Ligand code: SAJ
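Encoded as structure tokens, the following chain is the form predicted alone, with no partner shown.
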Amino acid sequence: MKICVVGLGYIGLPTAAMLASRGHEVVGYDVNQKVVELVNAGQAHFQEPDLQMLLTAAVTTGQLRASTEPETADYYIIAVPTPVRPGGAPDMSYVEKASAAIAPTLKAGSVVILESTSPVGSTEMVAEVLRHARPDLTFPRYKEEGADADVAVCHCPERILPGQMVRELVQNDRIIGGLTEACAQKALDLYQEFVTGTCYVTDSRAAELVKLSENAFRDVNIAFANELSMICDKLEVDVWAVRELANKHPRVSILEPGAGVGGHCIAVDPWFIVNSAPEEARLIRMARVVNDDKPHRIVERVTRLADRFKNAVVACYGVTYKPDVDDLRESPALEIVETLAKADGLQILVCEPNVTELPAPLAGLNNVQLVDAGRAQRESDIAVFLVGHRQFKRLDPNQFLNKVVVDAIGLVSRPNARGV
């Protein structure tokens, strides 16, 4: 089969390489000329374990190539960003533009699959864009079973985690949501070729809400942990001791608090539910408020502690959104460092082993430097631990006994409760 993957980012590129490894002819369509050139040269434009090996093989064998123009295919997989606008409204412009771009290349028998995490009703919107652009073809309507359609349209949300993308593409269960049962079956035929997990068939609206619910569930539980950490700070109680002991209960499992919530999913997707059902999604909305507030609380604490020093030197350990990746999307750690860099009288040392240069918001600032862990430890007055990279887990906590420490992730300050 020929497959056109629309968008060669964090989801599209691993998906394209995986499909090519299964012997399909894959063309990756992306509007970014630099990304297209890198992919055609066999180079991944972001770090991900095993991706480079998979990509090199796919390009070398000729099964995968990239283009700035879409091509006619049997399957189209749309994997473009779905950000939120200020205020939490979804920005579906990338999906709309992607749908309009592939419309001229569609043929009878094509299957269009939206993988981008999207609000409920987005798959129907894709079908409407295609229907308007191609009146010569027929397209399905939601749950209009039995009606023949030239083109199948489905939603099969991605479920892969940065740092484990290649493995999870194959092993994770998948949700196959069709506008009709016939649409879902055609998408199922593709995913069953490479997914070893179970593929569950449902309708498109259910599939859309399933993915949003997964991320909202995690966001709410993280919010509880983050709110607990703020309560503990106010009451001068060690949150790590409270969490450890509370989790001794057989039916309690409090997650780890952190610097906030980042990435392209958990920090964004719950807003899609809130926007669709604002009166009902009260808990989900409040979880977003709590998690978005956590970086501000950390900044307030650091700046308050910095008043003890003249021209305090603050070492910030980690700026990516999660451990052991180079992904900066929606990173609360980066937000914290950027805010501290704008404070008066602070010198900022950034220790981030997964980047080779300061991110754009920090580049060019005279009071910010990218340094290694050794220099950060030697020269800092305040050590701020924001991301639990594996390199940081090897640090000796005793080296920070003479520092003021703000440990948002419990890296060097966790007590060990003693059972008797």
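Residue positions are given as counts along the sequence shown, with the first one as 1. On a predicted model such as this, the values are computed, not experimentally measured, just so you know.
The form predicted in complex with this ligand is left out here; the points below concern that form.
> Check each of R297, R174, R285, K322 and return the one that places a heavy atom within 4.5 angstroms of this ligand in the predicted complex.
The option sitting close enough to the partner is K322.
> Note which of L130, V290, V120, I160 lies within 4.5 Å of this ligand in the predicted complex, where distance is taken over heavy atoms; exactly one does.
Flagged contact: I160.
> When the contact criterion is heavy atoms within 4.5 Å, does D326 count as touching this ligand in the predicted complex?
Result no; D326 lies far from this ligand in the predicted complex.
> Would P140 show up as a contact with this ligand in the predicted complex if we use heavy atoms at 4.5 Å?
The answer is no: P140 has no heavy atom within 4.5 Å of this ligand.
> How about E208: is it within 4.5 Å of this ligand in the predicted complex, going by heavy atoms?
Taking the distances in the predicted complex, the answer for E208 is no, it never comes within 4.5 Å of this ligand.
> State yes or no: in the predicted complex, is some non-hydrogen atom of L255 no more than 4.5 angstroms from a non-hydrogen atom of this ligand?
Yes - in the predicted complex, heavy atoms of L255 and this ligand come within 4.5 Å of each other.
> If contact means any heavy atom within 4.5 Å, which of 132-140, 270-278, 213-221, 68-76 contacts this ligand in the predicted complex?
Stretch with heavy atoms near the partner: 213-221.
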